[in-house]
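The form predicted on its own is given below as one chain in structure tokens.
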């Protein structure tokens, strides 16, 4: 039993079956991925991009939520911050998936071919940025920089459980302020390098913001789903209530609208300017079976979450929030599929068992990583001086 800030928190161990389930899912996903590379290496690599970008979404998005709480002095989210801290450790797992991608760079990216640069003036002009050496350096640099911020923010939070030092909270506020511009640059570079440059002639100035909108929504959805399940299972303090849930619902609703705003803004500007070097990207996604996928993207990613989360009572309803959290996580996968796969299959949407690899691998990794991290750590930051206020939060 651990006493903290006037509250009592009893650490309750997870059942071993939880970890075994995660290991089983991950094993199935790993086998599927290996077989996919044996059957169709090219298609498997495109699906690995989706897996990689999704896991970076959850890892970086969770670290962003941690930094955001410190920076704005939020109180309501303190009891859940440890969950985001544990999930942010995925930034050390996702780079493993970049290894097969680095091996398959020539198959994925047209701009890596010297003959393409020799024949294409536009690609040649972009060569100072789009070249393999600089591409790899940028990706590795992001892994390293975000890893450093992880240890500065999350490592100090873990140690605060023992020291109860308020200085750590103050220092984390400063570190979070420094982290934000690095996060913005990292998310933008990742999205441009690994997804936008699949079509190197096309560009969008708000592509990074578009990916960030999905990243925040997915990270918040994973946090909400895990937090509510842990609370209902008796793993979290009893003081957590519907007022806390309401903020989950409100943020999921807000970033559903933000994603739609950015997506529509990007489309509208390109449609209005009607420049061939920009419109071809949407034309591909507006023909044949890709048109159906695009229409369903609007329904799945925006209309359904908007309609379900619009009523005020829905934002604090545990069952509805858990359902919508899973829905938004699926919608983010669907969005990444829409962004990536038309480059692989321009003549029509391709969907088969290989496209199930990203969600299976990601689900297995998240379950395993969270279970392993929770064995060593408390589920709430018991040393944070704001914890008591967070548990007693009222709207």
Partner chain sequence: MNKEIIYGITGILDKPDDVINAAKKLEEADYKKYDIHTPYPLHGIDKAMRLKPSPLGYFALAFGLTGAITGLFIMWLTMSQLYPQIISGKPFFPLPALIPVTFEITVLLASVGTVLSMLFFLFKLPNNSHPLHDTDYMKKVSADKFGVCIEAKDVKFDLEECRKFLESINCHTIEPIYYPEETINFRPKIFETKFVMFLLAAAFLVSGATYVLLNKLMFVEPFNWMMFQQRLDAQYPTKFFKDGFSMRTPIEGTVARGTTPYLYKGNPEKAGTELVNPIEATKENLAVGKAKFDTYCSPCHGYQGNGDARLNGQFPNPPSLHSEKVRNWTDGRIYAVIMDGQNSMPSYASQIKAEDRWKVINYIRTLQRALNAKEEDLK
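If you're wondering where the values come from, they're calculated on a predicted model, not measured in any experiment. Numbering follows the first chain given and starts at 1.
The form predicted together with its partner chain is left out here; the points below concern that form.
- Put simply, residue 299 is far from its partner chain in the predicted bound form: not one heavy atom of it is within 4.5 Å.
- Although the partner is absent from this view, residue 133 stays clear of its partner chain in the predicted bound form, with no non-hydrogen atom inside 4.5 angstroms.
- Its partner chain is not drawn, but in the predicted bound form it has no heavy atom within 4.5 Å of residue 151.
- None of the heavy atoms of residue 205 is located within 4.5 Å of its partner chain in the predicted bound form.
- Proximity to its partner chain in the predicted bound form, defined as a heavy atom within 4.5 Å, singles out one entry of 129, 102, 323, 271, which is 271.
- Of the candidate stretches 143-151, 287-295, 218-226, 260-268, only 260-268 has residues whose heavy atoms lie within 4.5 Å of its partner chain in the predicted bound form.
- Residues are counted as partner-facing when one of their heavy atoms sits within 4.5 Å of its partner chain in the predicted bound form; in 374-395 these are 394, 395, in sequence order.
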